[in-house]
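The same protein chain appears twice below, in two forms, each given on its own as structure tokens and labelled structure 1 and structure 2.
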Structure 1
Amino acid sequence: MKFSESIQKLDRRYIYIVVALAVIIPLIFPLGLKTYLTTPVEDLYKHIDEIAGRDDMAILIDFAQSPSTMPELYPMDIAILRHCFQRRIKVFTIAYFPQGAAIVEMALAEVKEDFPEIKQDVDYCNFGYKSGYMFLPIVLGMGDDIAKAVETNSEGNMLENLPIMEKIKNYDNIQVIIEITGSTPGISYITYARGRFGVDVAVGVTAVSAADVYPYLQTGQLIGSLGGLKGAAEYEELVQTFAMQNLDYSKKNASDVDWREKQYSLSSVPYKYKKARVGMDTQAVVHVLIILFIVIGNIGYFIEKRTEKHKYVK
């Protein structure tokens, strides 16, 4: 059988096996591919970092997501929460989808393992699940009084009685609203929160929606965005870089360059701090492999068609 014919008749099960290996191997043995920062991600990181250590400012994260989008969005949740806990930035979380409320709890529990000093309702507050029908009253109400608009946290406690609310009143005390979503990104917050009260808005979206946010970035209606697993990997790296830069080197020789470089090596970082970057390794390998399959398949197709044409001419 000719090469072109063998390509066209290749048992697709072999292709599935090769793709499966391309997914599994980089997950087990990360390649450590470099992640290059983009402006929307860096802008969001810097904007949040401006309020580090302040007890009169906070950020609000809307978990508008479901399990189907977790591979891309959950690493964003983790990276942003870790940044805030690391830098003593107050966080409010809310979900207008029942699935999102469960993801909030999961993300907070995971990040808190590394920050035992961070206290619920003091350093962060989970507003919990709120019905989607209440979205507009809550978003507009928070412009006047967050405690009155939201009323209770996820455990049913009145917000006005919580320590975290002592110096936080309304959107004047919210540095940015971040909607991490698998659907339409940020439009409602741009329309009602930013349009009415001027609060800054940012989004985290799946890769397929990343291009949709650029018009809003260019006009300044969004101050930053995370696009897919790539955006999560970038933010993850920014958080990790800050942590490495602030390690205690007192027990190490300052001239021990090898030791210092080892700390920055991706292979020395525990998996929970590099989920998105490991995922990017797999994504990159699979994308290259699929492109290769497409190229080879097309080559075989056109060779076969050309052969058939010559037979017909003869």
Structure 2
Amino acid sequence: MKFSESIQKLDRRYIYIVVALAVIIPLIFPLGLKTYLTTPVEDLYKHIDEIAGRDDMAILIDFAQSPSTMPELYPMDIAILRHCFQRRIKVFTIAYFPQGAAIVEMALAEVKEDFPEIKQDVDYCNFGYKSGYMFLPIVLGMGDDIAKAVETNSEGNMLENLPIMEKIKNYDNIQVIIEITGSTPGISYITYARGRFGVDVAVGVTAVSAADVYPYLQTGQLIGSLGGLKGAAEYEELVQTFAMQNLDYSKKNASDVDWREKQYSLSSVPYKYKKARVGMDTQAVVHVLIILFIVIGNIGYFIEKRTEKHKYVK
């Protein structure tokens, strides 16, 4: 068999083995590649950070996700919750998918380990699972009265009796709704919550959906977005640089840009704080590998095409 033919007819199993190695090796031996920030992530971080320490404002996170998208989306959940707990930003969580409700429980339990002083229903409130059929009544109802629209938290307690709701009434007290989703990103919130009540909306999406959000970012209908594991890694980096040092991002001096160039040594950072960034090493290697596959595959294709052409001429 000729070289070009062997390239074209390479057994898939070899490709799978190489991909598996490209995934596993950087996880065992991290490359420590730097994370570069993009504007949609920075905008979202800044927008959330603006309400640090306020008890009359909160953010709402919709966990529209399932275990299949967890490798990309769960690090976002963790990074945003850590930012909020560290900077004393009030958080509401909700899930219209049963599996999303379980992911909320997991994420809250994981982040709370580092913040024993953070109290449920005081500093954060998990609205729990609400049926997908209730999406519209709840989203529209929250524009008038969150406690009335949602009614109960995940443990069945009436929201109107909870301390967190004392100064929080409706969307006027919601800084941003973040939908972290493996499906259509944020469209329903843009239509109903932003369109009708003017509340800001942002999304966290899987990498395959990241391109879908650009039209909404350009029009300002989305104030920010986290795209795939990279988005999570960027947010994680901002949390480590600012929130973990208790630095106020909105008061950051624009000329003080050296933090952007700062290269963190991740080796001393515990895994729970660098989940996404560790994964980015793997993603970088796999991206390069896929590009190599495309190039090699095309080399084989062109050699074969040229050979066939020569045969035809003869």
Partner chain sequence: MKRTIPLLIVMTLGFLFVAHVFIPSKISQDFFDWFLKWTKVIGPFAVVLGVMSLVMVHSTKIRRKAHNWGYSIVALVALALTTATGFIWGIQEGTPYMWIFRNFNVPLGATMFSLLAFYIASAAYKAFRARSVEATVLLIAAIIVMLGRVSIGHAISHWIPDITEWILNVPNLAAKRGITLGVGLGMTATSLKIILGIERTYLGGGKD
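Rigid core here is just the name for the largest C-alpha set that superposes within 1.5 Å across the two forms. Quick note, the numbers are simply positions in structure 1, starting from 1. Keep in mind it's a predicted model, so treat the numbers as computed, not measured.
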| query | finding |
| --- | --- |
| Answer for which single form is the form predicted in complex with the partner chain | 2 |
| Co-assignment to one rigid part between the two structures, residue 73 and residue 24 | no |
| Two-part rigid motion between the two structures - turning angle of the smaller part, in ° | 11 |
| Core-referenced Cα shift (Å), residue 16, between the two structures | 3.4 |
